[in-house]
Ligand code: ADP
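Below, in structure tokens: the form predicted alone, a single chain.
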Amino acid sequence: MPGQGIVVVVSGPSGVGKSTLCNTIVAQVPQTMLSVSCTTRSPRPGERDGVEYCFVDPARFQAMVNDEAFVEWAEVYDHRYGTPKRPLVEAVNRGVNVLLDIDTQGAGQIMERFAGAVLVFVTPPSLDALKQRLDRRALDGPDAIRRRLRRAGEEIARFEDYHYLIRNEHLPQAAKELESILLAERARISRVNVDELVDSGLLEPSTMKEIVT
């Protein structure tokens, strides 16, 4: 629809730097926000409720599923994650671009509900580099890290389901690529607000009628 914001899904293995990448774009690109997911897992050190995630108990999460309050949800590493529907739809209708940091399961659900959604997959330079990042992060034990690496291989194998791929070796370059994708997608002819072109005198009303029909 003309004048709407764009939904951009950013997926990739745990530890690849998706959150840092998304936050960098939100700081750089006007009218862009990061969707805040709900999760049943406990907060990690430094995480704030309503900022990184909305932390809810399993019963509350299930109630939201029953009420169809999520546009997508999935279970990952024994915890559930979901994207609330209302704030996402309201932001897009205001013309705000929304970045969603979600996994490959959720990406497929978003594509079913938002035909114009843009899917971006982020990879590490290598699995060895990913393991080093997970080790440095020090949030998981050896068994959990091995499990994350196994899942990383499964997720990377699905990269062809996405529209774009970014190799996050250097954050500034990766951020530049993601920003370029967002700006280019916003300028697609299929997303042009024809009414604004008519109001500005750049397009005749008769031409708008031809475009619409």
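Whichever C-alpha set is largest while still superposing within 1.5 Å between the two forms counts as the rigid core. Residue indices: 1-based, along the sequence shown. It should be emphasised that the depicted structure is a prediction, and the values quoted were computed from it without experimental measurement.
Just so you know, the form predicted together with this ligand exists too; it's not on screen, but the next bit is about it.
Although the partner is absent here, residue 131 lies well away from this ligand in the predicted complex, with no heavy atom inside 4.5 Å. Though the partner is left out of this view, residue 171 does reach within 4.5 Å of this ligand in the predicted complex, counting heavy atoms only. The closest non-hydrogen atom of residue 113 lies beyond 4.5 Å of this ligand in the predicted complex. In the predicted complex, this ligand sits beyond 4.5 Å of every heavy atom of residue 94. Contact annotation for 12-26: residues with any non-hydrogen atom within 4.5 angstroms of this ligand in the predicted complex are 13, 14, 15, 16, 17, 18, 19, 20, listed in sequence order. Once both forms are fitted on their core, the CA shift for residue 129 between this form and the one not shown remains under 2 Å.
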